[in-house]
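First comes one chain, alone, set out as structure tokens in the form predicted alone.
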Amino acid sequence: MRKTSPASAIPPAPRRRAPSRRAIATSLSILDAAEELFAERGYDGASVRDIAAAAGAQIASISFHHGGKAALFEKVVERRADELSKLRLDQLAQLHQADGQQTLNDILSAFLRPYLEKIAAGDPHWIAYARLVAMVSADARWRQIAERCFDPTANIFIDEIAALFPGVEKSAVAMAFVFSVSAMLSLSTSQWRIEALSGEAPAAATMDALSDALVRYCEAGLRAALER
């Protein structure tokens, strides 16, 4: 009599179905709605019920697609962080492939401009995302999300900047870098304040022109902080 091996006695695992188009659409709608409400009301002020209603979905579908509220918040932060990180690192790679040593202006442009270009394209979700990034950066309870989603790319750029200022402690570079990121987030969400404070629309107030001004501003600030 032929014996059955233990391996052959184990039934094959059932094949998992690929998510349907409807399921994918529901998942994306939940992420979009959560992004807007988290940005508008903060993590504590945005309820799962309100997110489901804004997405046109059942409350149970949020846990089905994304887990609990904390897991949903993390996914909302993570999905654009991956795209933004790739854009920034691609621009940095292009700098390394070009002839000559990259300048501080080059490095800052590679980090700051990809996000500002997303803002200039007019997608309101990217504007909301700036508020989320500021929220995550300002609240220590989201430290693990920041460390996983933002810090690897940020540290690459900090090291690039530090290489231009030999002998300067990395903590000083990190401090000046965080100031620059804060300026970028402020421009992303508060462009209207320029007009409000000046009493008139800023000259050449395209995002491209404002990006040029921001890079120059951050470059001057970094030099002032690090060239001592």
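Please read these numbers as outputs of a predicted model, since none were measured by experiment. Start at 1 with the first residue shown and count on from there.
Another form, the form predicted together with another copy of the chain, is not on view; read the next lines as being about it.
Although another copy of the chain is omitted here, in the predicted bound form all of Ser180, Ala183 and Ala213 have a heavy atom within 4.5 Å of it. In the predicted bound form, at least one heavy atom of Ala220 sits within 4.5 Å of another copy of the chain. Another copy of the chain in the predicted bound form comes within 4.5 Å of no heavy atom belonging to Ser63. Within this chain, Gln102 is remote from the site of another copy of the chain in the predicted bound form, having no heavy atom within 4.5 Å. Put simply, Arg131 is close to another copy of the chain in the predicted bound form: some heavy atom of it is within 4.5 Å. Annotated contact segment (heavy atom within 4.5 Å of another copy of the chain in the predicted bound form): 137-145, selected among 119-127, 81-89, 137-145, 94-102. Shown without its partner, this chain lists Leu187, Ile161, Ile30, Leu37 as candidates; in the predicted bound form, only Leu187 has a non-hydrogen atom within 4.5 angstroms of another copy of the chain. Annotation for 167-183: interface residues with another copy of the chain in the predicted bound form are Glu169, Lys170, Ser171, Ala174, Met175, Ala176, Val178, Phe179, Ser180, Ser182, Ala183 [heavy atom within 4.5 Å].
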